[in-house]
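Quick setup: one chain, the form predicted alone, written in structure tokens, and binding and motion questions come after.
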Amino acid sequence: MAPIENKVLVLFAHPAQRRSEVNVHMARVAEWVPGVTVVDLYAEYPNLDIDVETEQARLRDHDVLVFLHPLYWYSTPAILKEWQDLVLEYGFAYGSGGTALHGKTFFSALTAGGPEAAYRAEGYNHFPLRQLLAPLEQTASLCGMTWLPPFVLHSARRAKEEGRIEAHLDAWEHLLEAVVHGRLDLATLREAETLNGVLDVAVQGG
């Protein structure tokens, strides 16, 4: 087995897991990958009472941060915003002395109800998905992290009946393994709209 080069922290956020057809399975797949730590935020903090010191320690101990979530109103579920507001504080994540996250990598793995065509200037949602996630990209920049485009499953509500979930989970596992073992060509990825379309050419050595 290839050595672990990057420890990956996956923050899983889904407030209605009993209705999840994809995200719950993605969290379970991530738990199987050596080098990946999965935290179910809604299970750990049902009252949104985030333990800042615990979360900051987790960030220090990992090289890559991943938000795993459904796309809710063009953003993340509420607990991820609460987590950002409390954990990424001045003096830790940014500002004077706030260098704890410098050099780390950050991206979002998400499911979207709309088809890919809806996330274009001429589409139903009027903006590309990466543009809608600009606040996360700017957060990464402010905190000195490398931002990667999102890993996305579009038309997630139809994915089960269309038989697309298994292939998506396989690609997700492949991505996580590539991240853990340092096999991603970051230069190839940075300008992409999503990780999905460039993953095959961006993974080095298989």
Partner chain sequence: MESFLLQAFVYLVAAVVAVPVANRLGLGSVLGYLIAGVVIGPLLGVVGAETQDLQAYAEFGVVMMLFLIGLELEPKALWNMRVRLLGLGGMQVAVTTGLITAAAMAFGLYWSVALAVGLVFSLSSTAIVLQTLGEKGLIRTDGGQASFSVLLAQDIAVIPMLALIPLLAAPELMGANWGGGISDIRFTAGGGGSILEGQPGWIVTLVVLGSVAVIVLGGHYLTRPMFRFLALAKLPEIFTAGALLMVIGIALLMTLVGLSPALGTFLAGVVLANSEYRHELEADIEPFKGLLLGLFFITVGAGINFAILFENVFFILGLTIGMMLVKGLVLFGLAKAFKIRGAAGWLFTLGLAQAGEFGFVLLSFTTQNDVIPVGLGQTLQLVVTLSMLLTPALFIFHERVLANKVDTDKAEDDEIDQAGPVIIAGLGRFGQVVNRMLLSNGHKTVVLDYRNDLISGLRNFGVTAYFGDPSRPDMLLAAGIREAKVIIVAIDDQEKAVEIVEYVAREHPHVHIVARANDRQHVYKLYSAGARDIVRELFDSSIRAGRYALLALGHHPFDAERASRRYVKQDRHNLALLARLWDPDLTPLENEPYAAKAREINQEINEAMMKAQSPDNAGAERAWTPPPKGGKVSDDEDRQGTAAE
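Owing to the predicted nature of the structure, the values given are computational and were not obtained by experimental measurement. Positions refer to the first chain, counted from 1.
Keep in mind that the form predicted in complex with its partner chain is not shown, yet the notes after this line are about it.
Note on the interface: of 46 to 54, 60 to 68, 140 to 148, 170 to 178, the segment with non-hydrogen atoms within 4.5 angstroms of its partner chain in the predicted complex is 46 to 54. Taking the partner from the other structure, its partner chain in the predicted complex has a heavy atom within 4.5 Å of a heavy atom of Pro15.
Mapping the unseen interface onto this chain, Arg164 falls outside it, with no heavy atom inside 4.5 Å of its partner chain in the predicted complex. Put simply, Glu21 is close to its partner chain in the predicted complex: some heavy atom of it is within 4.5 Å.
A residue is said to contact a partner when one of its heavy atoms sits within 4.5 Å of a partner heavy atom; Arg120 meets this definition for its partner chain in the predicted complex.
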